[in-house]
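The chain below stands alone and is given as structure tokens, in the form predicted on its own.
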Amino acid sequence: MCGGSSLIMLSIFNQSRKLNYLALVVVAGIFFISAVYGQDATSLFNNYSDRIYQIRIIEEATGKQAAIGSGFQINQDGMVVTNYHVVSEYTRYPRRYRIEYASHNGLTGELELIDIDVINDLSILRKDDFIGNYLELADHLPLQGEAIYSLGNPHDLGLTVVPGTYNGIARYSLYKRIHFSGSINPGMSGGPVLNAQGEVIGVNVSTAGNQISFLVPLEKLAKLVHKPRTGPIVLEEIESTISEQLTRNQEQVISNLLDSEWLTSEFKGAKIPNEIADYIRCWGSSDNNPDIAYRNFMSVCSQDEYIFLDSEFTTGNIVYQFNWIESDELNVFQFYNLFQAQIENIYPDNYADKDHVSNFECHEDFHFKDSESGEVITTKGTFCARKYKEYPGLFDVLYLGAAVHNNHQGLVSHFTLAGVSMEMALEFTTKFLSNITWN
């Protein structure tokens, strides 16, 4: 998420230093807009400051803010847009928190949650007393290389503008995030990104630092804004709403993988799945030191994005990994100890604590497959699943396969699917195993 991989929580100890840093960012942003983009920085601030808010999650017991983000007015009906991750604590504990806005002129007030889209990290809020101006959605995305402007209200500095460049949809993006050349500052999550005409083309969502940030694109935002609805979201039913969104999304994602032809690649003495979708990347590494008595080769494939549910719970991950271990020097006992150590270091690739998921329940089985040389290779497979407590029918699934050949070569195969139905998980496991062969 913006400023890190989790919900932005302000550090009191570092606040002074951050305020100084962000003040420099504001000044630099003004100069950069005027000098490079030829825009009137004063007009840019004056034109839009009344339409952008700081969004605060307030803990009822203390009256203090637990999290902050940004939001913006999007229509005359009082509708305010922000990220889902900005308000996620409220959706989980609505009696413990409330949502407030702070305007450019220091006014504050409460906001009502209208709708959410957890897949695209969006929320719609409503400001009942709205009278004034609002931002308008653009008709289309900018051209590659056009100047765009990220706006937000971090900390207590007022409106901050970060100019940058539109670089199209990120190449390895499952959820079609915009690649923005500009650094989104902490607290700007949920703020608008405008084109040169002052129209919204996206929403701040995350940053990777070094002038690399990501935005929820116009299409996803427009769909949620224009979605027919009869009233605010029912907080007592919000878990079922999130469950429906997660289930629908993962059914589509996994079904597409099951229907596609998987690319495989040579991996030492085996063939394994390579990049099975255009949003998955594979990386390799090896431990091939001549001073040690074994060689370890690794291939890891994963998507870059995950779905944020709250600060202690992420889902949507697809990760698969292979380790090839071989040795001509170790005896049988030593090799099996080494092989077992590789297996024990495998864990699920998404984060969820005991409040969100059950313990894993596992089932072991043996799979027999002929190698290309005609030998029968036996793989011991362990299939583990843990239930989502709030979202019935969804599971995290961890599969681990281990096969040894001639007591000196071994292949460890592993995958994590987060937030899937059991039916989809079993179908994926079958296809995964069918795409692993020994030479």
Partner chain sequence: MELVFRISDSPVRPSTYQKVACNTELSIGRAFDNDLILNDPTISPHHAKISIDEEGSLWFSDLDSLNGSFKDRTKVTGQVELKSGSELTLGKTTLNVFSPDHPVESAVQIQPASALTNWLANPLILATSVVLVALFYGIEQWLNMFQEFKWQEIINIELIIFGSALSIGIFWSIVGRIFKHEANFKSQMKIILIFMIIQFLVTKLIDVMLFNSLNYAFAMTLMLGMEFILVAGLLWFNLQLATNQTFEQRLRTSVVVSAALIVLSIYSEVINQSEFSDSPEYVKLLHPPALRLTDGVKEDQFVTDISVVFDKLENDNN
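Positions refer to the first chain, counted from 1. Being a predicted model, the structure only gives us computed values, none of them experimental.
As for the form predicted together with the partner chain, it is not shown, yet the points below apply to it.
None of M79, L157, A277, I346 but one reaches within 4.5 angstroms of the partner chain in the predicted bound form through a heavy atom, and that residue is I346. This chain is drawn without the partner chain; in the predicted bound form, the residue among E112, E146, E244, E361 with a heavy atom within 4.5 Å of it is E361. Contact check for H367: a heavy atom falls within 4.5 Å of the partner chain in the predicted bound form. A residue is said to contact a partner when one of its heavy atoms sits within 4.5 Å of a partner heavy atom; L330 meets this definition for the partner chain in the predicted bound form.
Contact annotation: T264 falls outside 4.5 Å of the partner chain in the predicted bound form, judged by heavy atom distances.
In the predicted bound form, V376 approaches the partner chain with a heavy atom inside 4.5 Å.
Judged by heavy atoms within 4.5 Å of the partner chain in the predicted bound form, the contact stretch among the candidates 290 to 298, 176 to 184, 96 to 104, 135 to 143 is 290 to 298. Taken together, I119, V193 and Q252 are entirely out of contact with the partner chain in the predicted bound form: none brings a heavy atom within 4.5 Å. For the partner-free chain shown, M422, A425, L426, T429, T430, L433, S434 of 408 to 439 come within 4.5 angstroms of the partner chain in the predicted bound form, judged by any non-hydrogen atom.
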